[in-house]
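The form predicted alone is given below as one chain in structure tokens.
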């Protein structure tokens, strides 16, 4: 099942490749930089958040007013910063989710890469409360709804003895300390954990790309700025705890789960969240894979050049002091727990040259499952079966087998673990020895390379920008990298092969013409515009109605301690003398109390019946009741009955008739002093 889901996701992501390749080079493909784009958006959120903090007042009345001041009176900077803060947060969620989907679709979470995948799960959980606490600080109608729904969701967990949601039922229950706490969590506490989590997430990755290319950064920032100016983020009216928000613009990036809080049992909501988290957690081992032999170092051919260490994407190679007594300072050592057997290190080794005939082809580092000597013989054998004047030798990485354009007599296909496993010297060998007239490299591409840097290292080597590089004598026009322009515009490998073969000539080769720069610029503008439109649209639409248009809300909220199961008795003097001096209390009062039962009715219809045990380890605390009930507006008769003695005949009964307006919020409490219910 998971394999089918991965295949569908790959087809979907690969469907965007021709569109993205049409207006930018592979190095600027945003699908390649989703993780670093997420971090970049977080930087925007941090900088804009610091500006907002300067003017923010952490009080019940000041929170909303200070945000409104920034939005309207200081719209030219404060309003833009607020909108930028909001939209960059939403954009970060998009790139974060796409990053997760892409890593899963292309199997970048499996095997020995489980550490980065597992450490990314807490980051996902951190981002959600980071956004939610930001909405609370605005303290508008949306914040009111989010605060109450979040509190109800947390109350289901057995963490607090009292209900957190009761703090958001009336203005009297809310204090300025709440906004001070939220400001600390949103601007200091949670971001610190986020930074630590990001560091841990990339800890085992060699050369992680923390920052995207400057053009992507500037384009993304410009898109968010234009969105902030054209469609500024606005508050949705000051929070009023005496009413219920009836129509709010829900931010679906952060708050998509909240409609379920209103319509499902909270146990099912938590089961859904826990189930998704558990599935993500065990995904690297579904199903378990057989291990492959790791790269092996041959010290007789290793001169300690460190190229394999520099090119390994997963830090599986380190340089250690020489152990064989040769006149080299260091040798490469493979960490079997980190090596993914991708072969990128082999492609980086200068001793992996097929021109070696007098001595055995044994590089300084090699893959036991596909050694270079075997690859050379495979190339020679494949070339002997090709016929025609435009023979093309196709190299396909293991993840591109389904796209191999083989079958013709003038074409041969050789599969590699990773495209960067192929040393540039092998391409020189193929063309200079006449084994083929052209070479087509079908790799995963820089945006989806199974081994992170395989496509990038291959491109740099063949463009003679990274050692070991392609020799100058090789006509690079006879080599096509399918993931680079202009070849990346052809999604079908067979079409690509046909176009590439047509470009080959006896005395040279010519590539298809690239598109004008204006086309690339226009395409990028359209792509960033669509991205900004999605961010702006889903930040407030579709609208959400927590309750019906003609409904009001009644909240049952109180804590009450039942009577003691056994009455107090006076100790005798003899009993007091037996006790330590600090425990000689005249009265012996058993701690355990009766459970409290409550029945709530609306117009004679029972809406709630519950029996709650006392809190505390000794069952001597209060029983806390909290529940919301949407009721139709109009004249309603409310009745609440409570029993705290265990006797079926002793009930506290309160009945009251109310005329409820649409959206009105009524709270039923219990006055401990007067021992009576109050509906307010």
Partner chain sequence: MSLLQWKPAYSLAIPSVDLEHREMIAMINECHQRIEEDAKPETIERYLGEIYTGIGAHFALEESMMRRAAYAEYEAHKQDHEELLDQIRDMMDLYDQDIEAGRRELQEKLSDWFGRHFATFDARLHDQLG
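Positions refer to the first chain, counted from 1. Since the structure is predicted, the reported quantities are computational estimates derived from the model, not experimental observations. Rigid core (definition): largest C-alpha set, two forms, superposition within 1.5 Å.
What comes next is about the form predicted together with the partner chain, which is not displayed.
Shown alone here, residue 329 lies within 4.5 Å of the partner chain in the predicted complex, counting heavy atoms only. For residue 355, a non-hydrogen atom is located within 4.5 Å of the partner chain in the predicted complex, even though that partner is not displayed. When the partner chain is considered in the predicted complex, residue 433 lines it closely, a heavy atom lying within 4.5 Å. Not displayed here, the partner chain is kept clear of residue 228 by more than 4.5 Å at the level of heavy atoms in the predicted complex. Comment: the partner chain is not present in this chain, but in the predicted complex one of 369, 350, 315, 586 has a heavy atom within 4.5 Å of it, namely 350. This chain appears without its partner; in the predicted complex, the one residue of 415, 485, 247, 303 with a heavy atom within 4.5 Å of the partner chain is 303. Between 321 to 329, 90 to 98, 601 to 609, 218 to 226, the stretch whose residues reach within 4.5 angstroms of the partner chain in the predicted complex through a non-hydrogen atom is 321 to 329. Shown without its partner, the chain has 467, 469, 471, 473 in segment 462 to 481 as residues with a non-hydrogen atom within 4.5 angstroms of the partner chain in the predicted complex. Positional change of residue 324 between this form and the one not shown reaches 2 Å or more at the C-alpha, relative to the superposed core.
Taking 2 Å as the criterion, residue 113 does not count as shifted between this form and the one not shown: its C-alpha moves by less than this amount when the rigid core is aligned. The Cα shift for residue 376 between this form and the one not shown, taken after rigid core superposition, is 2 angstroms or larger.
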